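In the form predicted on its own, a lone chain appears below as structure tokens.
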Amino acid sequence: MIYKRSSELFVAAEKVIPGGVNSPVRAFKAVGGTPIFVKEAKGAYLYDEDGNKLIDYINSWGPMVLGHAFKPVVDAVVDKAKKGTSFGMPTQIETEIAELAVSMVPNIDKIRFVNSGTEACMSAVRLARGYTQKDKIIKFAGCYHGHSDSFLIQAGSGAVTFGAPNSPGVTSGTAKDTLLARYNDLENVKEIIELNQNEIACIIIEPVAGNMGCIPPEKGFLEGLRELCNKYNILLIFDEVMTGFRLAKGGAQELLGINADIVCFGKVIGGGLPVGAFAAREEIMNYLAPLGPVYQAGTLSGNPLAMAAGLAMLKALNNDKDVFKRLADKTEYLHKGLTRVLDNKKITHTINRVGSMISVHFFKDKVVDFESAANGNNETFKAFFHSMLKNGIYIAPSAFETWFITDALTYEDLDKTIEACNEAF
């Protein structure tokens, strides 16, 4: 494929945008080469500025569950835009989507809309701290909850030491209140809690990790976290920015049968527009201003365009009783096909899959946490990425990102993807 126009656009972008992109992973630093500039998209396909058609497996990093330019969403946004794009005042549609979301997700009574998943997670942690009157949080290495200061933390000198900032601009004072644990390692979490008793406000986790590739929780891990939180008066926060309304109507809570205290949403809940939300039981949510002392605000929160897009998406998912089975079936079909090819080619690999999330790790052992994900063969991944791209398949330009399946994919698309994998090796 030819990417002359994309290359020209990237050169122009670099002159006025840091790194030429508005989010770092788009820059192709992990795989090399020039980013693809998209002109338009429809269904399961991207059409770039050079006229190439690509089968899409990132789907705007998750929200396009039903495909790009999904007609009910587009119609809702166009209709709403004609009536005004922002008011900074309450609108009926905010209540309508809130009522629908609360009805779909278990264990929540109230929800507040914000503008991004980052904002949702940041606000959820602030709420947890205010509610519990404690300062420290536990997060997991490899889980990404946005670029808020509290989350940009790397490991300290030992397994249970304080974290340290992994980005300039994050203060050591902020970092000392973030404790870093290993995903799928319940004993490690217990040790951290015991060394910081009565100081931990919350544990925040991706219930199915998607930012170190797809990594499922091992049996008993989330259940164990729930028990620890109950025992030590700690709030359990599920970051369902990726999994919410994608793995099931009620997200990972429903699929895995584990109740969180606070749940964060993004991606799907905006139907492709910038939206985030966080939700919890009434007694927790009532700690938010204007009812309670924990302050959180946003001029564009509940923006009518975003609410219209999100409402149309949630209605479509709520009314289609088979959509999550179709998504899971297509993902399983792809999993089996990729496994068959990679086994036949004798390529060292592990494939992880949960519902409509899947990733290929070029590593011989199980991938259960950030350490094992980081042991994957990145050179093999780079070659795989570019070969797939050459054959019209667009996967995440990083080995540390899950693929997202859309219902718009046909089985013919899946077969083309499996064949492209065959040609890659």
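The numbering used is simple: start at 1 and walk along the sequence shown. Note that the structure is a prediction, hence the values are computed from the model and not measured.
Below, we turn to the form predicted together with a small molecule, even though it does not appear here.
When you look in the predicted bound form, the only residue of Met242, Ala124, Ala260, Ala277 with a non-hydrogen atom within 4.5 Å of the small molecule is Met242. Trp61 is the sole member of Tyr394, Phe28, Trp61, Tyr45 with a non-hydrogen atom lying within 4.5 angstroms of the small molecule in the predicted bound form. When contacts are judged by a 4.5 Å heavy atom cut-off, Asp413 does not count as touching the small molecule in the predicted bound form. Contact annotation for Tyr131: none of its heavy atoms lies within 4.5 Å of the small molecule in the predicted bound form.
Although the partner is absent here, Tyr144 is a contact residue: one of its heavy atoms lies within 4.5 angstroms of the small molecule in the predicted bound form.
Proximity of Asn211 to the small molecule in the predicted bound form: non-hydrogen atoms within 4.5 Å are present.
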